[in-house]
Each structure stands twice: as C-alpha cells, then as structure tokens.
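Same chain, two forms, each on its own as structure tokens: structure 1, then structure 2.
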Structure 1
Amino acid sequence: MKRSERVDRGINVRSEGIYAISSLKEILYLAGPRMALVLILFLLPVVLDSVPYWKRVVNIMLVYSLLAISFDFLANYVGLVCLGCSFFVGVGGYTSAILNSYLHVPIYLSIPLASVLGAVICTLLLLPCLWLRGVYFAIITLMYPLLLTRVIEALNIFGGTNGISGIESLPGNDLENYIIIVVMLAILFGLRRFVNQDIGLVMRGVKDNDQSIRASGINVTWIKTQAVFIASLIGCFAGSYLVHLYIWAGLSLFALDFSIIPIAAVTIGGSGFLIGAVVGSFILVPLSEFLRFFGSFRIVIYCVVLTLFIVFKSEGIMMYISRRYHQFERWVDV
C-alpha cells in the first residue's frame, strides 16, 4: 500500500544541513537548487559567447546582484535601510581608479585593495550615523553620494566632470565574466553561512530589539559597524570591478540607479533570502535592456511591471518558489 507525502517530510526535522542527510535523494533535494544556480551562471558566458553585448549585460546583472545582496543584508539582517548603494560603488570605483591610474598599482591588486580601502572609508563616514534608525539612516545614506558628487564637481578633483581615464582593463572577456561570477557566488553562499552563525543571530537581534541586545552587554555599535563594513566591502568591489570593466571612472558611479535598482530587485526577488536579490536583478536588468526599444516610454512599462509585482507578489518570487518547491510530493510504502 502506498500513500503520498511531501518530499521534505523528515528532512527538516533532522537537519537543515545537507551533510546530516542519509539518503542521496535527500541531499540532491536540498542541494539541487544551489547546484542549478552555479551551473546556470557558469554556462551563461559559454551560451552567450557569440553575443558580446549580452555577455556584458550578464556582468551588469551580477554587479547589481552584489549591490542588492548588500542592501538585503543590511536591511533584513541588521535593520539598517541603506539607500546609498551608489555611495559604495562610487567610493570603490574612484579608489580603484586612483590606485591604478595615478599610483600605477596593477589591476590584480587595485581591485582587492580598493574594495578594502573603500569599505574602510565608507564605514568611517557612516560610523557617526549608526545610532540612527529607519528613515533617518536611509536619508543620510542617500545624501552621501549626492554630497561627494558635488564636492568632486565643485573642486574639480579626480578628473572633475571628465572623470579618470587610462585605467587598466580586465584581461580577456572570459576572465571578466568568471571573476564576477565566482565572487558573487562566494559572497552569496558565504554570507548565507555567516548570517546563520552566532554573530548573524546577534545581528538579527539588533534589528528586532537593539535595547535587549545592549542590555546583554553586547556593543550594538560594534555589531552595526561590522555589518556596514561587510555591506560596503561588497558594494566597493562592485564599483571597482565596474571601473576596470568600462576603463573609466566618473560621476556616473554615484548615479541613483545604483541605489534604486538594488532595492527594486530585492522587492521583486524577495527580501531576507539573499538569493532573492540575485533573482530580482536577473529579472530587472534584462527587462530594462529589452525595453530600450520603446525609448523613453520604457520607464512607464518598467513602472507598471514593478507595480504589478509589488501588488500581486509582494512576498517576492523566491518566497513563492520556495513554498512550491517544498510542496512536492512522492509515493511511499506504508
């Protein structure tokens, strides 16, 4: 006699980790989506090899994925709503351009150095504002890129409105694809592991009730500082990568698109998942490219699509997909 039961019956009871499962089918059930994501990303440059334009679009999608992951991490795990992802991109991009173009630091050092130095600069600038919460912190982060843009323009530093040129390009089309793919996957899986550790649980506690965390003797400001450093490190790497991708650094690095699109990507993909940020970016960026055919009218279509997603799927795509995936059933002997 047989009956149907959900595939995940008993799996989540024993463990959510794939190494504590006895059956190979159960391991594949849990690891399958992760393996599919890795496989798709590594195959994309191969499939699009004959279409260089769309290979470049894949790079931009991954850059926005990093920014969306950064926003999702700060907002949903620490409670800091950051509207200034362009702040991270601009600081990281300009730092890498200065190191490479002015100081002649080779590209394989300028990108990691700019990521770390840029993260330190962003963290120090945001440090006095960490006691703010909600809309107040969001407004401050939105002001920083606008401020830096006006400072560079008014003082005519770092190339002024002309920007910095003469930057070393990434060696080879395939390498520029796989660098960002590997880094994005490492950040995604590493950050998912990080938020499930003790420090991640403390950060969630800071988001839910920072007063109780402070009463436990934990330095809340230090926890927030670590979170901001991690988020800015991700954003600064994205900016540094963009600079070497386009061989130019200018005021457009502080563009509002780098702040708005990651928020929209998290909203569509599903907040609090991290992977939802990636899914949302992989929807929004190609959609924006396809809509270029409509000229300025594409903004209207873009807004309608976003509105429909928010109204009818406010939970995000990943929440829906995850729920449906765990509802799969199988026949078992009774």
Structure 2
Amino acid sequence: MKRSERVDRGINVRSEGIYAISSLKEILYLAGPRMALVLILFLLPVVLDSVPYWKRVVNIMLVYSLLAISFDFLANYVGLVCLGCSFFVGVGGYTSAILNSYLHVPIYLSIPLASVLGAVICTLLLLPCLWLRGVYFAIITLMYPLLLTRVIEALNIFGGTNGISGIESLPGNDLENYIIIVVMLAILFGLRRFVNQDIGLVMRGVKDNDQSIRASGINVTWIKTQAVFIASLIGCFAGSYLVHLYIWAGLSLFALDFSIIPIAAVTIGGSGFLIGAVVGSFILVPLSEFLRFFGSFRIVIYCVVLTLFIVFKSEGIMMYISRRYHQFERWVDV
C-alpha cells in the first residue's frame, strides 16, 4: 500500500526566525518569492505601457491590496474586525480633497498630510468603541461609513451629493503607478516586520486574550489605538490616492465596494499573513474588471465566493501555495 506523505522542503531555514543560510540556493529559496513579487510589480507598468486602461486597473488593484492589508492586520493581528474599511477610504479621501481643492495644498503635501490627518480623525472617532469586543465592534464599524454618508448628505457639506471636484491629478502615468507600487511594497514588508517585533507580539497577544495583557500592566486600549492608527493610516492613504487618481471626491468613497472587496480578498487569499491579502486583491480586482459588463452583479459574485470560502473554512489560496512551496509530497510504502 502507498500513501502520500508531506516532507519539508529543504532546510533549517524555517525554524522560527533563526536562519542558517549556507548556500546561494537557500538564499534564493528564501528570498525568491519576495523578489518575484517586487519584480513583477515593477515590470507591470512597463509591460502594460500600451494599455493605459489596464495600468489604471493595476493602481486600483494596489489600492485594494492596501485596504485588504489594513483589514487583515486589524482582524488577524489585533482581533478587531472592521467591516467598514470604506470609512478609512472616505475620511482619507475627503481630507485630501478638502486640503487640495479648498485649501490649495499641493498634491505632494496633501496626500501624506491627508493620510496622517485622516488617520488621526479615524482613530479619534473609533476611540470610544475600542473597548467593545467581537460582533459589537464589527457592527459599529459597519455603521460608521453609513453615518458619515448620511451626515454629509443631510448637512449638505463638502459638496453634498455632488462631491468635491477640481482636485489636482497625479503626475504622469508612470509615476502614478510607481507611487502606489512602492508604498504598497513598503507597507507590506514593513508591516510584516512590525508584527514580529515585540510590539507586534503584544498586539497579537491582545487578539489572543486581552485579560493577560491587562495583567501584564499593559493598557489594552492604548495598544488598540496604535493598531487602529496604523490601519487607518494605510486606509486613508489609499483613499487620498484614489481621490487624486479620480480627481474627484464623493460619497462613493464610502461605498460598499471598499468594505466588502478587501474582506473577500483576505478570505480568498488567506487570512493572517498579509501577503494573502495582496494575492486576494490581485485575483479579485482584475476579475471584477472582466465582469464590469455585469454591473452590480459583480458584488453578487464576490459575495457568493466570499460565502463559499467562509462557509467551507478555506485556508485561502496563499496558504495553499506556501505549503506547496515549503513542502513536497511523495508516495511512500506502508
């Protein structure tokens, strides 16, 4: 009789952060996937040079990657499930629009400024809810983008339903691409480092059980505040980038797409290791371009896929790939 057996590929490199690299091959084994990602991303604008439409899709894809990273970080490293990522997008976007269009802050200042300012605003608004757990936090974050939409509508501020126009556009096509590529990569690798630092450990501890964190003399709310700030910084950057990409800010920044697609992306890509979020967005966003023709039916497809992945407790595509990468199967006699 034969049965299949999984064997770790290679080497001593996988034992908890201790790397004993001895050959070029091992270095490649470790760094290969990362290099590939970087390389592919940097080449994309060049390859797609003749189809500006798809270059734009790449931008959108990266924006969603950022949102998905932000969701994944909050949900799986801190334990705060935020069902309203569009809240970050909206706040960041509107802040940038106001800075740029109303106050005439130049674009290279308005994006970073809006990211930070927006993140501060988001964090302050979410601060009172941080002590809530589980579903309660999820529900309240679902409400926030809706609330802001209705408030803007009702008070007719910031252009009301018409939105804010007259926003400076991003410079030249290639730069537009590379800004978001570089930022996304920096955030991805930076955050992966961060979660393995001691402070990152504390955040993971908060997810596991906040009582022990309290018993260790650490203020849980403060840790959560920092985490929310990081997540909203990422989200607000995405929002403000989008606003400059579309040269328009409006209520659609708070739209459902920005909340549901990142969640779907993380679920499909594999939750809990950030890169899954990126992979998920790389699959979903181009897919949705192909489905553009179906209009709102796209959301139906996302939702069905999302439900299937959640209901069947799938580990996600990335998890599968990485297992394949690190282990190989062989048939052995028993």
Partner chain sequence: MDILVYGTINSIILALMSLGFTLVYSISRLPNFAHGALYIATGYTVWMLLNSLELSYPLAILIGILGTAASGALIYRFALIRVRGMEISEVIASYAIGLAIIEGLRWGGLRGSTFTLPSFMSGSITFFDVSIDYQRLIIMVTGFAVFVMLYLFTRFTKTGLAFRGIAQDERASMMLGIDSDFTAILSLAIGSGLAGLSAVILLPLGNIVVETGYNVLIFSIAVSIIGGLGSWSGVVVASFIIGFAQILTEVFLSSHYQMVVALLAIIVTLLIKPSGIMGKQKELEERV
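Only the largest set of C-alpha atoms that superpose within 1.5 Å between the two forms is called the rigid core. Counting starts at 1 with the first residue of structure 1 and goes up one by one along its sequence. Remember, predicted model here, so these are calculated numbers, not experimental data.
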- Task: Name the structure that matches the description of the form predicted in complex with the partner chain.
- Result: 2
- Query: After superposition on the rigid core, what is the displacement of the C-alpha atom of G295 between structures 1 and 2, in Å?
  - Reply: 5.2
